[in-house]
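Single chain ahead, written as structure tokens, the form predicted alone.
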Amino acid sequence: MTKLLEWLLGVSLIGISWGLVTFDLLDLQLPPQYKEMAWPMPVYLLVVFGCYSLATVGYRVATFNDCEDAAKELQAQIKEAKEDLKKKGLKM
């Protein structure tokens, strides 16, 4: 099962359970406090997902590794390519 299918399954299960509680489709006779609490739940979950996403991106940016050896190698290749192009008559 791919990650997309896992997420879609989880979101659909949450959506179905939210709909059942909010609209009382199964006649569960839940107390009104449950309905009041379930009604804004998608907004709360969206905010939590946004916070999680921001935290994940921030953590990944903070722990991003610098590749100094690869940067030096790339700079050397760029210098070599410029010298090769100058030999072939390209003006930079």
Partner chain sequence: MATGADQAVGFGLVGFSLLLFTYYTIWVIVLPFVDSDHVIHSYFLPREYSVILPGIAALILLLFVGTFIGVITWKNRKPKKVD
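Note that the structure is predicted; figures quoted are calculated from it, not measured. Positions refer to the first chain, counted from 1. The term rigid core refers to the maximal set of C-alpha atoms that superpose within 1.5 Å between the two forms.
Although it is not shown, the form predicted together with its partner chain is what the next lines describe.
Peer 1: Since only the chain is shown here, I'm wondering whether L28 would be in contact with its partner chain in the predicted complex (any heavy atom pair within 4.5 Å).
Peer 2: Looking in the predicted complex, residue contacts with its partner chain do not include L28, since no heavy atom lies within 4.5 Å.
Peer 1: For the heavy atom contacts within 4.5 Å of its partner chain in the predicted complex, list the residues of 1 to 36 involved, in sequence order.
Peer 2: Counting only heavy atoms within 4.5 Å of its partner chain in the predicted complex, the contacting residues of 1 to 36 are Q33, Y34, E36.
Peer 1: Could you tell me whether the Cα atom of F49 shifts by at least 2 Å between this form and the one not shown after core superposition?
Peer 2: It does, since the F49 C-alpha is displaced 2 Å or more between this form and the one not shown after the core fit.
Peer 1: Once the two forms are fit on the core, has N65 moved its CA by at least 2 Å between this form and the one not shown?
Peer 2: N65 C-alpha, core-superposed: shift of 2 Å or more.
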